[in-house]
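Below you will find one chain, with nothing else, as structure tokens; this is the form predicted alone, and questions on how it binds or moves follow later.
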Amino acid sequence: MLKNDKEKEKILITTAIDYANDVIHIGHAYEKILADSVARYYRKIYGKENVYFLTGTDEHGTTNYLAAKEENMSVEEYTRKISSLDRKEIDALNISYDRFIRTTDPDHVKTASNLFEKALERGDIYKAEYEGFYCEGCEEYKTLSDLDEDKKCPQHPNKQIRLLKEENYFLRWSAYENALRELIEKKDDFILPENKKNEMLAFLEQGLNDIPVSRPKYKVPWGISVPSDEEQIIYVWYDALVNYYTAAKQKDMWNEKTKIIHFVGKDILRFHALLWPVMLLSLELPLPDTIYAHGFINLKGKKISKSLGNVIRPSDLVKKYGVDAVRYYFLKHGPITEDVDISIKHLEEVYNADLANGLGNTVARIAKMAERSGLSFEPQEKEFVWQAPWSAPISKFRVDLALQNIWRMLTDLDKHINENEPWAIEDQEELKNVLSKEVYQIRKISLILEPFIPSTSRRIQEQFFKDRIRSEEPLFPKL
């Protein structure tokens, strides 16, 4: 068990589910790689059967409906197609999800409808008239303070903001303002990083107004109907957030014995940190333990986004550089705390420096010396301490810092090689002693790399966990 988690028996890890209006890009995929590395790490601590990792697609709402219309396809057919393509992109990155949920899945439709009905019965949802702004790109109700000086959404400047006047169902968001503030201020690690927590507290200082949680069906014909009111569709964000509960409930994992971790982009933190907890509080359901909000990936100074059309598909990078090189680059240099600007040039520089000349070269050197020595290196059990100093940053989900620690171990190993010069040692006993230490360290590194670059980890293990170690093809051929 991890420190401060002794009362927890299981782990639920989720990513945001992506709109099925277009295929995901590397900005979306970063979140999946980040969550996947944490899920793989936790499986080493808790056991595979006690960790559940969820991702998927958000298929209802205006955005998806209009995208299907533009392609002259039925919305059912279009969202099915995009969901399938998204899954292929995620699979290309070797993401080890336990379920790929779709909000059109029958169990989710039933769960979202049931939760809405319960909130309605409790009086936390009521019907009234809404008048205000709406961004179809965000599928979000906006105030003037949310828009720029041209009354455009900063996240979707190419989309026209709509002025709505319609009858909707509302959630009593305002009634939970104090409860939210107390939760965020007192619950350790509820929102990470710390600056994102402060942003949510600042938003609460403006005061909360009740929020619409439905749209008229004549305006948004694609979604889950409000129970007992076929003229209304459940608001896409209310519907989408429930996906976490849908999947976890099936596995009996939405309870106090499960550590619940949501990974999201900073642009949707407000929904996850302020709206989702209120939906759960209104139904007296357990709250998530941590909501981790990462930054954006920018290309030439601009956020990579579907609406701007400057996308990079994960599968294209994987085809050129290999899956583990892509995973490593984004885990080490991705927007874990702040926005980052990426480039192919930087990716290639990191590939050559850290992987080809770094990890790959060190593995090759030791394998070659072990082979030439003719010595036998009896494999020890594959049991190394996971909760060692190198992994401490993972408690705050800083996988980038954990990787820095592992690469320091590689640097120390290279230093050991250069200082001891195994190639010049003639005494077999001394040579065995020096090489055994170096082989042991490579075996250890190969195991702790598994959550981050799993295919490479397995290749090194297959090569080194043998009596007789042989040289093999380079792990990362130089570009």
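As the structure is a computational prediction, the values presented were derived from the model and not from experiment. When you see a residue number, it is the position in the sequence shown, counting from 1.
Form predicted together with a small molecule: not shown, discussed below.
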Check: Is there any non-hydrogen atom of Ile184 lying within 4.5 Å of the small molecule in the predicted complex?
Finding: no
Check: For Gly27, is any heavy atom within 4.5 Å of the small molecule in the predicted complex, or not?
Finding: yes
Margin query: Quick check on Gly295: any heavy atom within 4.5 Å of the small molecule in the predicted complex?
Written below: yes
Notebook entry, point to check: Does the small molecule come within 4.5 Å of any heavy atom of Leu12 in the predicted complex?
Noted result: no
Note to self: Can you tell me which of 125-133, 346-354, 312-320, 258-266 lies within 4.5 Å of the small molecule in the predicted complex, counting heavy atoms only?
What the structure shows: 258-266
Margin query: Please identify the residue among Leu359, Ala370, Ala273, Ala240 with any heavy atom within 4.5 Å of the small molecule in the predicted complex.
Written below: Ala240
